Ligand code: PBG
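The chain below stands alone, shown as structure tokens; this is the form predicted on its own.
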């Protein structure tokens, strides 16, 4: 039971807000660079930095620049980066076979980063949409997204990423049973130390558009993803999805999107106490960045307030495109 505060004037909440020192002493949650995972987009080539129009300030990077970005992240105290490939359209097929090619863009990037920056954690995306000529996270037959066949493909994809040296696998597909299948395959192959950060509560959101631009999936997508991603109206279902993934062997769980689903973050953390993450997705990033570029809001302050909100909602960490900018501010540098 919460204590009853002293009535005014004996109780004056403004006393502890009066100075920066008093506000720091009574602050309930804090944010550090160690709370951040930086999503990075990959592309083929050398010394190439390709701006993404719908995500101002975010670029696709060639492998050599991705390695430099990993070095920068480590210098800023960011503990992990997450890789997302822009796949050449000629390599996209309906069977998604490029997803488990040991020499695909993601797997080459994993090896290059771990060779140059061995202490940074490398997270990957386990989903078929970057490799699927139909733009879906799973295999498609007759307009239907196949669950079990997709899980088998995702297992193959996860194994080659683990073999390449990934520290964290991020199954983002929302197929039923994929966490248990991936965990069993990792154990059998001797990759017992590879962690799974499951996209356990991933909603069919309108806020993924800029991300699909970034990985080249926007034009390819046929239909929508509502048969496998969650209904934005559902909250109790998220708890069932998290419970399932933890039971199947997930080490950490994620809610996606983040800013519009802080209530889900809080419920998940309170219910399970497991390491809980949220993804500040591309559309959420673009809203803040776009408004800041128009001069409508203070971009740095809005960014930091949004990230602090995730911690207040119970998140242990945040995937955010703001990671380098936020880390610099937290270190006292100008962005």
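Residue numbers count along the first chain shown, from 1. Predicted model only: the values in this text are computed from it and were never measured.
Note that the form predicted together with this ligand isn't included here; everything after this is about it.
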item: Any non-hydrogen atom of residue 278 within 4.5 angstroms of this ligand in the predicted complex; value: no
item: Contact flag, residue 87 vs this ligand in the predicted complex, heavy atom cut 4.5 Å; value: no
item: Exercise: residue 158 in contact with this ligand in the predicted complex, heavy atom 4.5 Å; value: no
item: Residue 225: touches this ligand in the predicted complex, heavy atom cutoff 4.5 angstroms; value: yes
item: In the predicted complex, the one of 264, 197, 127, 179 near this ligand [non-hydrogen atom within 4.5 angstroms]; value: 127
item: Partner-proximal stretch of 68-76, 199-207, 99-107, 112-120 relative to this ligand in the predicted complex, 4.5 angstroms, heavy atom; value: 199-207
item: Residues within stretch 304-323 having a non-hydrogen atom within 4.5 Å of this ligand in the predicted complex; value: 321
